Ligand code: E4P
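We begin with a single chain expressed as C-alpha cells, specifically the form predicted on its own.
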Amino acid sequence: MKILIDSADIKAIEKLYECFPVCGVTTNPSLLSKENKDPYEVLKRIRAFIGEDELHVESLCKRAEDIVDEALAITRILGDDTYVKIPVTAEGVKAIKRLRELGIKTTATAIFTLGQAYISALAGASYVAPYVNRIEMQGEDGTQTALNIQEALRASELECKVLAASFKRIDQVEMLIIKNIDAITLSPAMLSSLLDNDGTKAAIKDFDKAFKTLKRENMSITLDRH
C-alpha cells in the first residue's frame, strides 16, 4: 500500500519525508490557495524536493479540450511522473480517455460512487480517488465504498488503482490499511496522528523513569561492552 501526503505546504512535506515512508504528494486548488504564492512555483518546488515520486495536480478547466491542453502544460512543467487530477464529470471522463491515448497519467477525483470509479477506470484513469469522509457525510459507508471500488477493479483486471482520500478519523484509515487498499493520501496532521498514542507516551515516560534508577557504574559497564 502506498501512502501520499495531501498538502501543498513544502515545509510540512519536507518534515514528513524525513520520517514517514511516503511515495508522493497530492494537491488541490484549496491547498495551493493556502500558500498565497504562485501555484506553479509551489508545485515546482514540491517536484524539485520529491524527485521522481508521484505528484498529483488538479485541472481547473471544465471542457474536455481545455482539460487536455492544461494537462499537457502541467506535465510539461512538472514532469511525466505527474498525475493530472480530473473530476468525474462527463467532460472529465472524455478528457481522461484522450489523455490516456496521449500517455498522460490521470487521477479521477471527487468520486462518491462505484459507478463513477468504474467508468473512469474503463476510460483509462491511472487512479480513482474516492472521498471517504465526504461519502460518509452523505450517509454512506465511505471505507466500504473504497473497498468495493477496489474489488470491482481487480475483478475486472483493470490496471487502475484506488487512491483513497478525504479522511477525518484514524479508524477510517486503519480499516483501509487492514484491507490493503492500493493507496491513501493523508493530511500532515492525519499522517502524524498515526504515530500519536497516549499509551506509547506513557510507556516512554515509564522507561525514562526506570532508566534514571539505574546505577551509573552499571550503565557504564553496559555501554563499554557495546
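Because the structure is predicted, anything quoted here is derived from the model rather than measured. All residue numbers refer to positions in the sequence shown, first residue = 1.
Another form exists, predicted in complex with the ligand; not displayed. Remarks below refer to it.
Q: Taking heavy atoms and a 4.5 Å cut-off, does residue 165 contact the ligand in the model of the complex?
A: The answer is yes: residue 165 has a heavy atom within 4.5 Å of the ligand.
Q: Would you check, heavy atoms only and a 4.5 Å threshold, whether residue 28 touches the ligand in the model of the complex?
A: Contact with the ligand, yes.
Q: Taking the shortest heavy atom distance, is residue 100 within 4.5 Å of the ligand in the model of the complex?
A: Result no; residue 100 lies far from the ligand in the model of the complex.
Q: Taking the ligand as it sits in the model of the complex, is residue 94 in contact with it (heavy atom to heavy atom, 4.5 Å or less)?
A: Flag for residue 94 set to no.
Q: Name the stretch, out of 113-121, 148-156, 130-138, 73-81, where some heavy atom lies within 4.5 Å of the ligand in the model of the complex.
A: So the stretch in question is 130-138.
Q: Is it true that 54, 126 and 161, all three, sit within 4.5 Å of the ligand in the model of the complex, judged by heavy atoms?
A: None of them does, since no heavy atom lies within 4.5 Å of the partner.
Q: Within 170-193, which residues have a heavy atom closer than or equal to 4.5 Å from the ligand in the model of the complex?
A: Only a single residue, 185, comes within 4.5 Å of the partner.
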